[in-house]
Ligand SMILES: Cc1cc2nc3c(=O)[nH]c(=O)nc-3n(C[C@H](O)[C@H](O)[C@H](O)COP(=O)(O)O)c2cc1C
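One chain comes next, on its own, written out as structure tokens in the form predicted on its own.
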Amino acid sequence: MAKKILLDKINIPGIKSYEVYRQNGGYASVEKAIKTMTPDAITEEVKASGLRGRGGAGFPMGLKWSFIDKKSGKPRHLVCNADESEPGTFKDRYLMEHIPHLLIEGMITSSYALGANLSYIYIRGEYMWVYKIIERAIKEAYAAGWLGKNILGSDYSLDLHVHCGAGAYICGEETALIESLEGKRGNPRIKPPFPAVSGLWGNPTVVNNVESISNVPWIVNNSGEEFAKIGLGRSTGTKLISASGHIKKPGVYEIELGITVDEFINSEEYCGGMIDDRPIKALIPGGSSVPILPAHLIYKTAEGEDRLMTYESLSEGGFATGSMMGSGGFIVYNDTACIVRNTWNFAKFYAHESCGQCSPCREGTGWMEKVLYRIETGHGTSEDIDLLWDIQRKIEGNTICPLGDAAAWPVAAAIRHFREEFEYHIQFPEKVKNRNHFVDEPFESIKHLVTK
């Protein structure tokens, strides 16, 4: 069995409550940190762990902490990004719903390391029942003396609040999240200044993901060196994967980074293989914003090496033949899936969620959605594929925040790897008007009909 850091205790009856969590070693990292460690020593342990941000960017967490401005004398803040709006991603919800005190403990230990006395958990609006679970856990932590004034008799104090957003994907971007937390419209800020210098209310701020923060207690209790022994190379530790799609056992899995994609999809320990044992057609390994991979690039890289569940291996070959680990939203498609419909579905989401601040994203996402809908419903033209390629190219890299890139990358990868499917939709419009067109006739069996 793989090493478990985050899900090790999640099946203990009653672990959601403070009493059971405490009886099973909960809040030990807070005791160790406040009684025996300096804030800088904790940061060094997180650096030594090699832990990379689990929200999608994969930036080294300890390095991010070291950027926070400690010289200005301004108050510092830690903000937990629990917005989790990336389609295909649901692992943070699973953690908060089933073992909320792990996140609270991580927030306290991390806030102490950063010298933050006022911290926040920003949770997405659709997670109202989880919001109530987190609120209850925070009240229990206050009642037990883990939050508030002079924690454990020390001179360290911390107030922690949970703030419910209004259901905007854009607020998963850290500066848009900060704007929303301040009571403003959730529009991303131009950087610099970066939040580590001027974040929440102009104060130095670190924004970290739920999964990232939840790793900190284990690192403090066991050392960064021990965490770095798990995983492979610069992909250290374990990773939560939200697995969905045409697999026999969808769910949230904790893997040791470095196992093969083949093992993750097909072993009984994880996804259990494909539903009805149908052929695999495509994979989105890191949530809807990362490039889709075709069948021949899922288990092997373009160089013929095993594709591994690591940041490096999933991105091997760049976007030409690779993808990204992203948020770990692992979506598997069999041969009955329509890539054009899937791409249109994502494009519709990004067009809806664009904040409208940047013209390329505001206009371009809407254009892509319309063109993709036209193709999917049998009204496309031969020029539409090149038009889509041109639109996504002019969005990527031309916006304040990465939402524009997130909208462009899936379209580019779908055309790059599945152009024949787009051409089929244009050449056989009556066929694709049947919603089950590839269920009835998988594309692989009819692709020979596409004329070049």
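Note that the structure is predicted; figures quoted are calculated from it, not measured. Don't overthink the numbering: it's just position in the shown sequence, from 1.
As for the form predicted together with the ligand, it is not shown, yet the points below apply to it.
- With respect to the ligand in the predicted complex, the three residues Ser85, Glu173 and Asn209 uniformly fall within 4.5 angstroms at the level of their nearest heavy atom.
- Residue in contact with the ligand in the predicted complex (any heavy atom within 4.5 Å), chosen from Asn81, Ser214, Ser242, Ser323: Asn81.
- At a distance threshold of 4.5 angstroms between non-hydrogen atoms, Tyr169 is in contact with the ligand in the predicted complex.
- For the chain shown alone, Leu388 is not a contact residue for the ligand in the predicted complex, no non-hydrogen atom being within 4.5 angstroms.
- Heavy atoms of Leu403 reach within 4.5 Å of the ligand in the predicted complex, making it an interface residue.
- Residue contact with the ligand in the predicted complex: Gly53 places a heavy atom within 4.5 Å of it.
- Looking at 410 to 418, 40 to 48, 55 to 63, 380 to 388, the stretch with residues near the ligand in the predicted complex, meaning non-hydrogen atoms within 4.5 angstroms, turns out to be 55 to 63.
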